[in-house]
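Only one chain is given next, in structure tokens, and it is the form predicted on its own.
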């Protein structure tokens, strides 16, 4: 078990009274990601709610702000107990056997135009043996062809744009991998959160986007950008693509500053400090229990 302590601070200048905010900044509750404790502080004395989407489990903070500075502070301690499996033993799930709640993740979406990448996917991955290894090949293909670079893409960039530009940030890597998985009839979803262990060379710690792919046993973690240690990923939200799980959606005239984010590994309830590390095993924080078939 790995225990991670995270904190984030968001700062805004609200210029229009009654501006509405929807935040997706709460650590998710999953089978294998347990929120041990958490705290939320908002500097403005305004009504707010935290609601959970019954389908995805995403947690949304909603508020209407007054004019002036708005500051949001969130901290949490999270225990990760990963489901781990040998990659060569993980098969794909045939479309005919996919659970109903997974079907939405094999269709094209706004930023993941899988219908336009079918021929590419079949040429590159169609002849590969099905299973975890084929998904890993898609992840590696994206990682090898796309260069991590800021200020190349924007909030409108899609998987097709990333394929053409051959550069982008974590969000763009995720969209391209998801589109290629779906074009190969493999369900894949866009996941947001915070990553432990990112190289300081990438700049100040920021929100991170990665991919979860549905195979036998559940949703498995992949980081096509290569900037994260998958064992140190803390999930906030999941969706079809970035349009579903922006960390902040704002309605009104508002200025913002970059988020201030920190994450560290701390000792768990047993007093042991376990550090996230790179492993060969397939990992899931939403998978079946150890020992399940």
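In this text the structure is predicted, and so the values were computed from the model without any measurement. Numbering follows the first chain given and starts at 1.
If you look for the form predicted together with a further copy of the same chain, you will not find it shown, but the lines that follow are about it.
With the partner omitted here, the stretch from 32-40, 239-247, 262-270, 224-232 that lies within 4.5 Å of a further copy of the same chain by heavy atoms in the predicted complex is 239-247.
For the options 160, 137, 91, 84, the residue carrying a heavy atom within 4.5 angstroms of a further copy of the same chain in the predicted complex is 160. Shown without its partner, this chain lists 216, 169, 198, 117 as candidates; in the predicted complex, only 117 has a non-hydrogen atom within 4.5 angstroms of a further copy of the same chain.
Using a 4.5 Å heavy atom cutoff, none of 17, 45 and 202 lies near a further copy of the same chain in the predicted complex. Under a 4.5 angstroms non-hydrogen atom cutoff, a further copy of the same chain in the predicted complex lacks residue 148 among its neighbouring residues. Contact annotation for residue 128: none of its heavy atoms lies within 4.5 Å of a further copy of the same chain in the predicted complex. Contact between residue 107 and a further copy of the same chain in the predicted complex is found at the 4.5 Å heavy atom cutoff.
Interface residue remark: residue 113 is counted as part of the site for a further copy of the same chain in the predicted complex, having a heavy atom within 4.5 Å. The partner is not shown here, but in the predicted complex the stretch 25-64 reaches within 4.5 angstroms of a further copy of the same chain through a heavy atom at 51, 62.
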